[in-house]
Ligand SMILES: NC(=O)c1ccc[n+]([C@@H]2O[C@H](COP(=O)([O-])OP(=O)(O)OC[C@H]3O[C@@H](n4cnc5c(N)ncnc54)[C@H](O)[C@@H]3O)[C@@H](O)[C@H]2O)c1
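Starting off, we have a lone chain in the form predicted on its own, written out as structure tokens.
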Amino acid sequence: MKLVDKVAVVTGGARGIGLAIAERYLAEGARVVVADVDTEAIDAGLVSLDAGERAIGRRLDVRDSASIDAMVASVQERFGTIDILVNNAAVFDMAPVLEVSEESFDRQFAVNVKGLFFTLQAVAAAMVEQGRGGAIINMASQAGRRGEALVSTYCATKAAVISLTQSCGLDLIRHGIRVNGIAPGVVDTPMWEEVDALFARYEGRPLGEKKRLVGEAVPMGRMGRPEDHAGAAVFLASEDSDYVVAQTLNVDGGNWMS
């Protein structure tokens, strides 16, 4: 019970890694806000969490500053505080460099970088006003550690997340706010069906082959699961990581060493 009496906001929290972290936070004693752009997915996620009034849903479009501000105000009104933010909302697309559209480029940066930053800014401002510090966890990716031929824009967004984690961590620690990140590797979520289909299209592979190959290439011998990331998220949100600042922790089965 490492997070008793804490209030955590998890963006993109209605499915996948976000929902797994929300479930683990509840088990550690926190109250959790599942914030997502998809209200139907929020409802389904809350049903699966089955936590009563300890888990609530809030619609959040991180591309819209008014939506961010409304979410923060609503959580403060309901719970009186925000102690933890997991910046998990993200989108993915891929294409060869010569085929990347401006629309795809702008959408990925709008959600993965701009949305992440201004959600962090709004929650950090609330934490400063509260005067009790806090923990912010940005979800990066192994894609932010290196380039990939077909994933240029997404890799760039996640590299920006790692950089923002460092800069924001160094700035906000004076307020007692610890900013850190988690860099997952390849994770078996419903989104990977879409990713696999894109690789099939651009690499001429049969459906399912890319997913199988990337799983076999992980030193652990399998793709990650959403719940594999929950322990790191608890660590970075709890007092166990009080002296950890501006770091991005690789949780990827050994894919990347840094």
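Remember, it's a predicted structure, so these values are computed and weren't measured experimentally. Heads up: residue numbers just count along the shown sequence, starting at 1.
This next part talks about the form predicted in complex with the ligand, which is not shown.
ask   = What stretch, of 22-30, 35-43, 48-56, 197-205, brings heavy atoms to within 4.5 Å of the ligand in the predicted bound form?
value = Flagged stretch: 35-43.
query = Does R63 reach the ligand in the predicted bound form if we count a contact as any heavy atom within 4.5 Å?
reply = Result yes; R63 sits at the interface with the ligand in the predicted bound form.
message = Considering non-hydrogen atoms and a 4.5 Å limit, does the ligand approach A14 in the predicted bound form?
response = Yes, contact at 4.5 Å.
message = I'd like to know if V187 sits close to the ligand in the predicted bound form, meaning any non-hydrogen atom pair within 4.5 angstroms.
response = Although the ligand is absent here, V187 would touch it in the predicted bound form, with heavy atoms inside 4.5 Å.
inquiry  = Against the ligand in the predicted bound form, would A89 count as a contact residue? Criterion: heavy atoms within 4.5 Å.
reply    = Answer yes; at least one heavy atom of A89 falls within 4.5 Å of the ligand in the predicted bound form.
inquiry  = Please tell me which of M94, L172, A122, V111 lies within 4.5 Å of the ligand in the predicted bound form, judged by heavy atoms.
reply    = When the ligand is considered in the predicted bound form, the option within 4.5 Å is V111.
ask   = Can you tell me which residues in 126-159 come within 4.5 angstroms of the ligand in the predicted bound form, by heavy atoms?
value = Counting only heavy atoms within 4.5 Å of the ligand in the predicted bound form, the contacting residues of 126-159 are M139, A140, S141, Y154, K158.
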